[in-house]
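Taking the form predicted alone, here's one chain by itself in structure tokens.
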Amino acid sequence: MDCLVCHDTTGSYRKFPTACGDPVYKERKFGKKVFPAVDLRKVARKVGKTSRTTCGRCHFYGGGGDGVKHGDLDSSLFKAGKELDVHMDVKGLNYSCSTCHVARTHQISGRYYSRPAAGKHQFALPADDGWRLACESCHSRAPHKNIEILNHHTAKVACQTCHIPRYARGGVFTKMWWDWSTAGKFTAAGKPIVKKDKAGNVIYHSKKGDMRWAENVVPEYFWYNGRMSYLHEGDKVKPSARPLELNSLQGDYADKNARIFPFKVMRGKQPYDPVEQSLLIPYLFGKKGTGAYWADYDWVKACRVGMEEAGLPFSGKVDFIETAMYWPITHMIAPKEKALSCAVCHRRNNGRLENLRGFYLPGRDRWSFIDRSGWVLLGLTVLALLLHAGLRFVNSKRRQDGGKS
């Protein structure tokens, strides 16, 4: 990154994919795509404030393509409507990324990796330069007018859980599964295989293996206090851990700072050393004969070069292990009318929180002893009512008979 990545307003400043961060000084081709030379003088004279466009050029295309990584960040947000995101609605609030992701001395805030999920419920006034990432900064700790029970939910349920009913709903698919173990297949003539689904998404590529995509996806929900632990290069992993978590969420019901939070879970299979019990770092892009996988298609060679470059041990054995990575869902805020209803979670079967255990959820959970006790009490109540009514009837008849005599 450099200053122009964020502050170019011409839209012409581009980096060349394999130039280690350099822009395109002279016209070059990458595959079938032509990258024109950048007029650096013109760009330098047109620097300005960051925008959704400058941020989105990178963040909407993270992971190698439009919507691949995050699920709640893709090109549909460039011209978002209210149904897609109430804050980025181009005809409404039209927020830029920096409206919430404020910066101090160019240290851009990103709450999910640097600050607890619950925050301090602080307010950020328009005139200050404080952090504005917590929803409560603008909406307060009691955002629901006239519905106090919903305000009670904010202690254990993140705002995003109810107000982002689905992600990847702007017409762009997000990648949900990536299986590297199936890469390296070719046609009988030795040509690479590329398969696409009806929407045009690549579901198999000789370079990358099998992939699955989805749109309009229901998030998965977990307890989260804003902190994650990460798997680092060279860390030992248990082969029995399936899937292996690349990042593990912190927090549970007993954690006062944890909330129920929505996530995209990216799953797949990656190269793994069964002897050293660590993930492998393969060398992918390079010329034929260098060991690069996308040139020689030999996992052992690619991993040997990659691990040597990383300064890590490699046994010479390559296996594959299923992995999972958690991505917080926090964009694509739907209009309040489209927020989840109570019954979506508070029900016995097929509720969104069906698999989130360790606490009692009304409407979902039942205790047989309490249920039986309730039915017994109800039966005794009905019996008492019938007995009372019967006694009143008998007494009434007696009084009537006494009056006649």
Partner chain sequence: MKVKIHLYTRFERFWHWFQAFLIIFLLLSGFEVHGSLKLFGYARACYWHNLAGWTLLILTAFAIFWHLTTGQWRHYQPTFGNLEKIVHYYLYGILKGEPHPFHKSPERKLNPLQALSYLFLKVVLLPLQFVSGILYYYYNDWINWGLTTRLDGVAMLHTAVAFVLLIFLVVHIYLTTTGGSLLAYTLAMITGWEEVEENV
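Quick caveat: nothing in here was measured; it's all calculated off a predicted structure. Rigid core here is just the name for the largest C-alpha set that superposes within 1.5 Å across the two forms. Residue numbers count along the first chain shown, from 1.
The protein also exists as the form predicted together with the partner chain; that form is not presented, and the subsequent description refers to it.
At a distance threshold of 4.5 angstroms between non-hydrogen atoms, Ala188 is out of contact with the partner chain in the predicted bound form. When the partner chain is considered in the predicted bound form, Ile203 lies well away from it, no heavy atom lying within 4.5 Å. Interface membership of Thr154, defined by any non-hydrogen atom within 4.5 Å of the partner chain in the predicted bound form, is confirmed. Residue contact with the partner chain in the predicted bound form: Ala19 places no heavy atom within 4.5 Å of it.
Contact annotation: the partner chain lies within 4.5 Å of heavy atoms from the stretch 343 to 351 in the predicted bound form, the single such stretch among 343 to 351, 41 to 49, 65 to 73, 24 to 32. Shown here without the partner chain, the chain has Gly358, Phe359, Tyr360, Pro362, Gly363, Asp365, Arg366, Trp367, Ile370, Asp371, Gly374, Trp375, Leu377, Leu378 in 358 to 380 lying with a heavy atom within 4.5 Å of that partner in the predicted bound form. The Cα shift for Val376 between this form and the one not shown, taken after rigid core superposition, is 2 angstroms or larger.
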